[in-house]
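What follows is a single chain, given as structure tokens, in the form predicted alone.
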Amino acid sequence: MTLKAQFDHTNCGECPIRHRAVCAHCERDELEELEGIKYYRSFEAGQTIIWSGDPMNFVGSVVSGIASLTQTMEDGRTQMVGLLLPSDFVGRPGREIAPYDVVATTDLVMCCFRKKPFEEMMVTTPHIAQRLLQMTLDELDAAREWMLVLGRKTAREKIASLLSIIARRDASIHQSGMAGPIVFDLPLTREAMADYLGLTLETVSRQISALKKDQVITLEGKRHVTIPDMGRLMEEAGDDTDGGFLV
């Protein structure tokens, strides 16, 4: 079964991640050239997008949904090593083999580009190469910050950090700013959060309940989250309210 994206594939101007994607700085003629090598793919939650070790014949951006990056050790143990949120780039130009399993955590839509033509465009289209470099450096900074989350933060700070990352990305995608309450649907199950953060399911549930009790967040059901004051959530995460994680 395939899923239908809820936007016009023929019009890049309607793309919800246009202002953040690898094509963000492209001119009209460059977008037209990208149009000739792009296509959309839809995945259901739980479906593998890329298997580690497989050749990659495409690169692309997550348009909607979330995917996980997972690495498997020789003895079969697995570790979630990253999340791909809307506008994040999938694949590496110049690299033939996928280093990680990429699995759709939620229903997901990707804007894909055929790999070889995209690599050629990087040479002839500086706007693409510059934007991809910027995104790569942002990803590196975020990875360094995540090392702090996993290595030094308490369970409560870990949960608050993850919520702040998702909230800030959601606000950025919708260009809604962070001055008022931020409302979003949590895209991860508590089991997935526990796996990613290196916590038990019970700890995740307990800390979410504590944040709700202390009115740092409000929660309708298990997924619909409201953050009344982003500054307070960032304080709970142990981050500066004017800095914190790159999104």
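For every residue, the number given is its place in the sequence shown, counted from 1. This structure is a prediction, so every number in the text was calculated from the model and none was measured.
What follows is about the form predicted together with the DNA, which we do not show.
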Answer key, the DNA contact in the model of the complex at 4.5 Å (heavy atoms) among Ser205, Thr70, Ser42, Ser64: the residue is Ser205
Using a 4.5 Å heavy atom cut-off, which residue among Ser209, Gln215, Ser52, Thr48 comes into contact with the DNA in the model of the complex? Ser209
Looking at the DNA in the model of the complex, do all three of Thr136, Ala143 and Ser164 come within 4.5 Å of it through at least one heavy atom? no
Counting only non-hydrogen atoms, which stretch in 100 to 108, 125 to 133, 81 to 89, 149 to 157 is within 4.5 Å of the DNA in the model of the complex? 149 to 157
I'd like to know whether Pro181 contacts the DNA in the model of the complex, with contact meaning heavy atoms within 4.5 angstroms. no
Does the DNA come within 4.5 Å of any heavy atom of Arg223 in the model of the complex? yes
Is there a non-hydrogen atom of Glu191 within 4.5 angstroms of a non-hydrogen atom of the DNA in the model of the complex? yes
is_contact(Gly36, the DNA) in the model of the complex, heavy atom dist at most 4.5 Å: no
